[in-house]
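This document starts with one chain, in the form predicted alone, laid out as structure tokens.
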Amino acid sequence: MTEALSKPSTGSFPTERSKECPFDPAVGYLEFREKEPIARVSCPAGIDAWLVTGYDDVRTVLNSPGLSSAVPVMGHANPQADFDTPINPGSIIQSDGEAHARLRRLLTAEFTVKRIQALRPYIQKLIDDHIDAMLASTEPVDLVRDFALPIPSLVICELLGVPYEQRDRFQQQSGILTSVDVDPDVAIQANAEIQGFVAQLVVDKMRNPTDDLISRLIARAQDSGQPLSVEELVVLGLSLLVAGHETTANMIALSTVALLRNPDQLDELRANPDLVPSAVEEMLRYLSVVQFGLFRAITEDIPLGDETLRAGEWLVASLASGNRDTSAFPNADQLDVHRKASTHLAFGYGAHQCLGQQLARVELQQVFSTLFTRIPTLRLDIPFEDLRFKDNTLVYGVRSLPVTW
């Protein structure tokens, strides 16, 4: 796609976070939102794009038929992004129109509220087992390695029918693929390895179906008269595998740090467990771990505010900035577990709103109904200032989380 001529950029795409409050979105969003909520910015990938930062405007553009998702995922933030690589069939994240609707229809039955609610006992057992193991270990422990990462990994492995003993293999490759500054050759190798892993899994399910999501997906597509190809199943399975644990794992760890840094809010949560569902929505809003926003190609002119976004241009809808818009969320920079924040943008908006959001909610609700109840004196084992955050990854989080009690 060739970028159309438009007004010049007025600044750089924000990527630098405040060292004082690493929970806040990148410095610069506030100024854009207040002074130029629909701005032209220069991006790390070497392109100019419209940056949309206000809550209402983000919802408007993400619900517009004039945008295409057939672009490199968050390619604007990646200096190594390849804009010429064709989109693989089966990419639910990077498809539009009927191609996207077909994949979504096939998957919808797997993520109904009823099916996800039925997973609560399984998820609760995983949480209890991992807390048991932490309590039995020699403290301190790394809450990322020993709790936040394995729980959603086990859940997605269970759903997809992935042997859990192979989780280390896909977790390492997933971490490489979600980095924006990894060596291109390393990324190509990781992508080839994880695709090979998923391809073998798909072939096994086609030959010997079991009671898992991929097997049911194969059967459902055949019954629809539009069977999925092996290539489509590999790309779709890979998307579910990576997205199904990266975001939730980072939310568990980062939310834990946020609550420890806001002890008054943690005390409220301990005193009233009924607040957990609203607290989860608030942490999703406050932390907005999809940190670089959603990248789109503009395919039809879109009037927005005082601007017209022209077909042929690029756009970034900032979920993190929209979630800190005080016109939608008063005192938006404060974590408030009493807030009714269910209209947040953490799962996106419009046709591409996250299909697995109910699963993420249930996992987070079970974690925060249990973690601080069973380990009420949980605390950081290192100074907060020594924590290392994932400033260079598509999904924001903390790299490790040494805790004790």
Ligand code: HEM
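All residue numbers are counted from 1 along the displayed sequence. In this text, all values refer to a predicted model and were calculated from it rather than measured experimentally.
Below, we turn to the form predicted together with this ligand, even though it does not appear here.
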Any non-hydrogen atom of Ser318 within 4.5 angstroms of this ligand in the predicted complex: no
Proximity of Leu309 to this ligand in the predicted complex, heavy atoms at 4.5 Å: no
Partner contact for Ile92 in the predicted complex: this ligand, 4.5 angstroms, heavy atom: yes
Close approach of Asn323 to this ligand in the predicted complex, 4.5 Å, heavy atom: no
Selected contact from Ala26, Ala45, Leu67, Ala346, since only one has a non-hydrogen atom within 4.5 angstroms of this ligand in the predicted complex: Ala346
In the predicted complex, the residue from Leu371, Ala360, Ala341, Val41 that sits within 4.5 Å of this ligand by heavy atoms: Ala360
Within 4.5 Å of this ligand in the predicted complex, all of Gly244, Thr248 and Val289 (non-hydrogen atom): yes
Residue stretch of 191 to 199, 225 to 233, 93 to 101, 125 to 133 approaching this ligand in the predicted complex, non-hydrogen atom distance within 4.5 Å: 93 to 101
In the predicted complex: members of 340 to 358 within 4.5 Å of this ligand, any heavy atom: Ala346, Phe347, Gly348, Ala351, His352, Gln353, Cys354, Leu355, Gly356
